[in-house]
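In the form predicted on its own, a lone chain appears below as structure tokens.
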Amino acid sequence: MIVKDIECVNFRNIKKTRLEFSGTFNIIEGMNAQGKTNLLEALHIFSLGRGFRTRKTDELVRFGEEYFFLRINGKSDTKVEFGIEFGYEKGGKARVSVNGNRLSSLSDMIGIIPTVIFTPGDVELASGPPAGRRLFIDYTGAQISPAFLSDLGEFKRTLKHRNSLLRKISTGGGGIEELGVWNETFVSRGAALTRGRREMLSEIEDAACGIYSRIMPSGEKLGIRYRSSFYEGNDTAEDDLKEALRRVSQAELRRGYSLAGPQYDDIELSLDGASIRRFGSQGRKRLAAIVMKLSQAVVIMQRRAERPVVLLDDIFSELDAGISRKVRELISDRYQSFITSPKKEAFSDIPAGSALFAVENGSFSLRN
């Protein structure tokens, strides 16, 4: 997948700009708070239909304006040309069209342009709470499997309704007779989601181990394991989740929310068998998180036969020169990438054919 150009109007601090991109490296250089990350967010919105720093679309509108508009043109790896427009007015609904055809729902956008994004906060993949790691695997699955996306969406809706019903029961509002119906859907969708996550993670693990050994050829072994809160793969996931719900049923009725299910699952990362979260250095945590993201790109490319667009937000400033070079080598021969940096000097060996943009106060210019 190649994004050829983008037009932005009233997006974040970008008043109006149109940029043409290189099909390999695109480097966006500028001081902090000038608009580097805003450009990455404008690109990313075509992947999931929302920004990666906020769920409130109103916050994406330039201060003092009432709307934003984005348009991109690109080409798939099968040489199919496409154009996508995304318009939004404050307080309203987004309007999206692909090649002039209006989409009925934002969810129809998911996966049209596969992306992988790494931001400084993504070191939390290795060191933070489980929610970030669940989001990582769900984001991967949503971009490559319509069945996974369906299971994920239905499970989230079921969990919301089930929790609402449990809150009602816990306060004496009745409704316990409905719980059995929601439990059936909760079990079927929860089990399917768990199986999908484990399958996805197995592919990511294969890719991650190979990538890690290329970057760190010292023999240190990266391990990745899916840790289900209720299912270890011996019996059926449905039976295990039913049993887990039975064990916590009385506590759920008292507390008013679900106490078992895939919403409590986690991914464990290790180096030579030792937990990275507990024992890894900050440098190893950052490297493990980057490897996970690069592995995500590999799996998307393999499953879709389409290269994702890679968005890297100031990730090289805290890596040593040798590891930075190896990471760039892994990216350069595979993907179109967009890389932000506060200074051009962070890239002493910019590949031929790259595009270098400078940004100041939301205004972009192409530099030599």
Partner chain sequence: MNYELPLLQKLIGHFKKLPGVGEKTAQRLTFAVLDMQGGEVTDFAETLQQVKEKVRFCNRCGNLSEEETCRICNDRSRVKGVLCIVERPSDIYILERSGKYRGGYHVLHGVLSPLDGIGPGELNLSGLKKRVEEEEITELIIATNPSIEGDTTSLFILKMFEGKGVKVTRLARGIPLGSTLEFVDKGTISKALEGREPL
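Because the structure is predicted, anything quoted here is derived from the model rather than measured. Numbering follows the first chain given and starts at 1.
Beyond the structure shown, there is the form predicted in complex with the partner chain, which is absent from this document and is the topic of what follows.
**Student:** Which of 164-172, 131-139, 93-101, 280-288 has heavy atoms within 4.5 Å of the partner chain in the predicted bound form?
**Tutor:** Heavy atoms within 4.5 Å of the partner chain in the predicted bound form occur in 164-172.
**Student:** Consider the chain as shown here, without its partner, and state which of E178, D266, E89, E199 has a heavy atom within 4.5 Å of the partner chain in the predicted bound form.
**Tutor:** So the residue touching the partner chain in the predicted bound form, by this definition, is E178.
**Student:** Among the candidate residues D206, D77, D239, E184, which is the single one with a non-hydrogen atom no more than 4.5 Å from the partner chain in the predicted bound form?
**Tutor:** Partner contact (heavy atom, 4.5 Å) among the options: E184.
**Student:** In the predicted bound form, does every one of D108, A147 and R189 come within 4.5 Å of the partner chain, counting any heavy atom?
**Tutor:** Verified in the predicted bound form; spot residues all in contact, yes.
**Student:** Does the partner chain come within 4.5 Å of any heavy atom of T158 in the predicted bound form?
**Tutor:** Contact check for T158: yes, within 4.5 Å of the partner chain in the predicted bound form.
**Student:** Are any of the heavy atoms in E85 no more than 4.5 Å from a heavy atom of the partner chain in the predicted bound form?
**Tutor:** No, E85 sits far enough from the partner chain in the predicted bound form that none of its heavy atoms falls within 4.5 Å.
**Student:** Quick one: is E154 in contact with the partner chain in the predicted bound form, heavy atoms, 4.5 Å cut-off?
**Tutor:** Yes.
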